[in-house]
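A single chain comes next, written as structure tokens; it is the form predicted on its own.
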Amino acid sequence: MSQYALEVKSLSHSFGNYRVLDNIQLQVYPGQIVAVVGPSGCGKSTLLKAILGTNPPTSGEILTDGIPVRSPNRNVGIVYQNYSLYDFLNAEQNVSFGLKLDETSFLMRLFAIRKYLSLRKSHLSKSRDFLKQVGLESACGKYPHEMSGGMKQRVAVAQAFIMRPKIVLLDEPFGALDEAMREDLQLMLLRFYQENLLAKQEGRRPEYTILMVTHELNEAIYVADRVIGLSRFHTQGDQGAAIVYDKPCPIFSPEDPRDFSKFSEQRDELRKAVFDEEYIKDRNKYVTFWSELSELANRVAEPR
């Protein structure tokens, strides 16, 4: 078992002669919620597809829990902006569908009915547990056409996490929702993070590791414990987009008031470092996550 849920090593990607991503280096610990921001067309989706395994990089390597990603696999889950639900299945059936495909076969369902029905009962029970985790225990029997956008997106999140992946990718998952639903789902992610903290305190490996692409800077800093900025606006930008920003974020609890003024300084720094095409700088100027983490660890270890 690796100390990292995700490792991206020297990843570069090109489309023909056009270089999209240049030498991406990234390590994510289990239990982290990492937000990825950047200008349109900077390669955020290309990076997600590479991690998912659907679009292998031109060069470099991706590992989840130490295992190389060569193609789509159960170590990496994804939730898209458009809900990936089956209209003919209710909520608990949608969530359990991945388990059905993973743990049963057509021949089992045809010739080993008793064993299949026992597994199906277990799958539906796990599905209900996950729906409870995302606040939908009362909607297990509802079909997608009976659910709001926020409810459907919660089902999609449960659908991804029930497979126990090492990391879940969120591709602008709340972009199509109204403000109230968006805030509700942001609180859901904060609750996941609190569960991760509890798992660490109890010596368990955290279950919810998330890499989330968003275009909302407030959302990125509010729900994540770390923000990464992809951009071509650096001194080697002709070689492709790189990680030009990587810093920790303040940690919020679901019960904390939504006071975005607390991180206005970091938001302004992000705008300048990642989105300002007139501000060309060394690509490592704002990549300080690991040095800040080491600094914090040293302060904690100092005798009082």
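A residue's number is simply how far along the shown sequence it sits, counting from 1. Note that the structure is predicted; figures quoted are calculated from it, not measured.
One more form of this protein, predicted in complex with a small molecule, exists but is not displayed; see below.
A.B. asks: Can you pick the stretch from 32-40, 268-276, 249-257, 59-67 whose heavy atoms fall within 4.5 Å of the small molecule in the predicted complex?
C.D. replies: Partner-contacting stretch among the options: 32-40.
A.B. asks: Since only the chain is shown here, I'm wondering whether residue 264 would be in contact with the small molecule in the predicted complex (any heavy atom pair within 4.5 Å).
C.D. replies: Flag for residue 264 set to no.
A.B. asks: Can you check whether residue 235 is within 4.5 Å of the small molecule in the predicted complex, heavy atom basis?
C.D. replies: Flag for residue 235 set to no.
A.B. asks: Examine residue 54 and determine whether its closest non-hydrogen atom to the small molecule in the predicted complex is within 4.5 angstroms.
C.D. replies: Answer no; every heavy atom of residue 54 is more than 4.5 Å from the small molecule in the predicted complex.
A.B. asks: Indicate whether residue 15 is a 4.5 Å heavy atom neighbour of the small molecule in the predicted complex.
C.D. replies: Yes, contact at 4.5 Å.
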